[in-house]
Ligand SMILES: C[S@@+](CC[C@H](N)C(=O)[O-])C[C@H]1O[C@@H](n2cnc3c(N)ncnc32)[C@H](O)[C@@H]1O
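Only one chain is shown below, in structure tokens, and it's the form predicted on its own.
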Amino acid sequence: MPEKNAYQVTDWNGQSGERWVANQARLDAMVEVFGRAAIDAAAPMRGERVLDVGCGAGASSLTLAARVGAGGQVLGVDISEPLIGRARALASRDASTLFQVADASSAELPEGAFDILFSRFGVMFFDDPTGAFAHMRRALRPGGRVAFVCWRGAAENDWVRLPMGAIKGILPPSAPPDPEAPGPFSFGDRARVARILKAAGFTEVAIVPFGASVPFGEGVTRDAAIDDAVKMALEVGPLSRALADQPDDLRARASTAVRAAFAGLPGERSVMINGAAWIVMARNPAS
């Protein structure tokens, strides 16, 4: 039997995980506003227990831990050993936050142990999302709730739309990806997300749009901020994958085109990009 989510396990324990760790501070700063909106939707209370799925370097887990207090507990799980290692280092003195290298779609989780199933951009990568959510639902207590944030479509998110649009005509055209294939935008269709959760046994599904302007590149000058945005686009995300095996001259042309695209965005010591997401809420039936 093939391993579940085998590609994601390999990728996030390889280049993707290493690049996230290398850029952890600024990537977490970029998505912090989205995580905060999802945490507000989850409304964690003192003493509650939270399962943070795809917790990455642990920023959302630590914020959740502050909300549930010393009487609560947060378990952050992620398939990436590099990211969990970073999370443990950042949370070294936080006794209420635990981290585990595990695939939440199949890991042995204590049944009915959690009040909240939470995720900040960590649930869009499952090979079998319905099966994954059905498995994770068993870890929720009856009446427990779900809150997560996921990206809307790539065309609505500048961090993909601008650089990938800029390299059209430079790289050979490629076949459009399957919109439902595991990846950052596989939950872009709100109706599909609702179907997955309902098929997994959740009720009271609510999905609302959330957007924000966030800093993608930062620097002491405008030019330095644009350079930083280009550097990050080349290191993290779909542009880095598209250029991975390309010759240096083509990479240089692509970099110049991407820089011109970012130069058109607002910001003085940062490049401000528009991000578009869904805030998703649901509940485990009480019985």
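All of these numbers come straight from a predicted model, not from anything done at the bench. Numbers for residues come from their place in the sequence shown, where the first is 1.
Omitted here: the form predicted together with the ligand. The next part is about that form.
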(message) When the ligand is placed as it is in the model of the complex, are 113, 139 and 202 each within 4.5 Å of it, taking any non-hydrogen atom of the residue?
(response) no
(message) I need to confirm a contact call. Of 216, 187, 125, 148, which residue comes within 4.5 Å of the ligand in the model of the complex, counting heavy atoms only?
(response) 125
(request) Tell me, out of 77, 154, 166, 91, which residue has a non-hydrogen atom within 4.5 angstroms of the ligand in the model of the complex. (result) 77
(message) Can you tell me if residue 121 lies within 4.5 angstroms of the ligand in the model of the complex, counting non-hydrogen atoms only?
(response) yes
(request) Give a yes or no for residue 206: in the model of the complex, does one of its heavy atoms lie within 4.5 Å of a heavy atom belonging to the ligand? (result) no
(request) Check whether residue 158 has any heavy atom within 4.5 Å of a heavy atom of the ligand in the model of the complex, and answer yes or no. (result) no
(message) I'd like to know if residue 104 sits close to the ligand in the model of the complex, meaning any non-hydrogen atom pair within 4.5 angstroms.
(response) yes
(message) For the interface check, one of 249-257, 226-234, 40-48, 55-63 should have non-hydrogen atoms within 4.5 Å of the ligand in the model of the complex; which one?
(response) 55-63
(request) Scan 228-251 and write down, in order along the chain, each residue with a heavy atom lying within 4.5 Å of the ligand in the model of the complex. (result) none
